[in-house]
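As structure tokens, one chain now follows by itself in the form predicted alone.
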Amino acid sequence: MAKNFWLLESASLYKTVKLGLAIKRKIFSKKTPYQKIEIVDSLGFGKVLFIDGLVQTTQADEFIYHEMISHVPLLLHPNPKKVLIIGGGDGGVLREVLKHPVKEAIMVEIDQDVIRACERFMPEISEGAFQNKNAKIIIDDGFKFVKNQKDAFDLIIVDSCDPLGPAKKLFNPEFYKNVYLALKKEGVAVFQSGSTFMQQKELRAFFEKNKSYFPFVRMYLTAIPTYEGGFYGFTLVSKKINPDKEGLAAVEKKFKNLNLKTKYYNPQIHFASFVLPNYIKDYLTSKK
């Protein structure tokens, strides 16, 4: 019987911290034209997806990330019918979006091999979402795809990898501008924004650049065990809808009417997640 072994993240997103996981076995590995995909079976977190040596999602805690990046903007928008997902090859965001009565959920993923690998070896995440009649999967560069869209979507969810490799362009000011143009007049978008402790400089720049295009820019938080650095940030931007004006009763009503089944998200968490610790407020608002 093979012994368990420890696997450390091999990429250098953070210079001082690396996540290590106890691994039972390697399941899949492939170097594609875009990145290296690995899936392993871990002792504590079930199956784990690595992209270029960094943990992207795990079977045990994926629901936190996928529910929070999806339901917060979906329940903020009054009637989201057409949703664009950039990235998200594991299918978790698509799964959550399709819990809502959207007419079309378009997912644009640059690397088809990510979808194939996750659908085959981690089907617990997508739960059949790729075969849903309201889902449309496009294999394309998300940066280029958004550039060609105008006034097209109610909601855009940017479920990108970390700012390395092919995902680097999704942290570019031109991309934020194109997201603005691709949204309808009541459009909302959300970006995964990384560790609020380990990436303060990047988050401040990201926040400020989005304020150049959107009248409403807010950060909200969650905590995900396998994402280092404490609180993990999402940046929500909107053309017209002020997230501060949405009341708890309205979100509770929508949540109840949709009969949403969630493991992490609830209307109280929705509002609590926008309450920021002082250290985050300080670096987002400081003029230094």
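Since this is a predicted model, take the numbers as computed values, not measurements. From 1 onward, residues are counted along the sequence shown.
What comes next is about the form predicted in complex with another copy of the chain, which is not displayed.
Enquirer: Assess the spot marked by Lys15, Ala60 and Tyr279: is another copy of the chain within 4.5 Å of a heavy atom from every one of these residues in the predicted bound form?
Expert: Yes.
Enquirer: Would you check, heavy atoms only and a 4.5 Å threshold, whether Gly247 touches another copy of the chain in the predicted bound form?
Expert: No - in the predicted bound form, heavy atoms of Gly247 and another copy of the chain never come within 4.5 Å of each other.
Enquirer: Just to confirm, Lys263 within 4.5 Å of another copy of the chain in the predicted bound form by heavy atoms?
Expert: Answer yes; at least one heavy atom of Lys263 falls within 4.5 Å of another copy of the chain in the predicted bound form.
Enquirer: Look up in the predicted bound form whether Ile64 has a non-hydrogen atom within 4.5 angstroms of another copy of the chain, and give yes or no.
Expert: Within the cut-off, so yes.
Enquirer: Contact between Ile224 and another copy of the chain in the predicted bound form at 4.5 Å, heavy atoms?
Expert: Contact with another copy of the chain, yes.
Enquirer: Which of these stretches, 239 to 247, 255 to 263, 49 to 57, 31 to 39, has heavy atoms within 4.5 Å of another copy of the chain in the predicted bound form?
Expert: Heavy atoms within 4.5 Å of another copy of the chain in the predicted bound form occur in 255 to 263.
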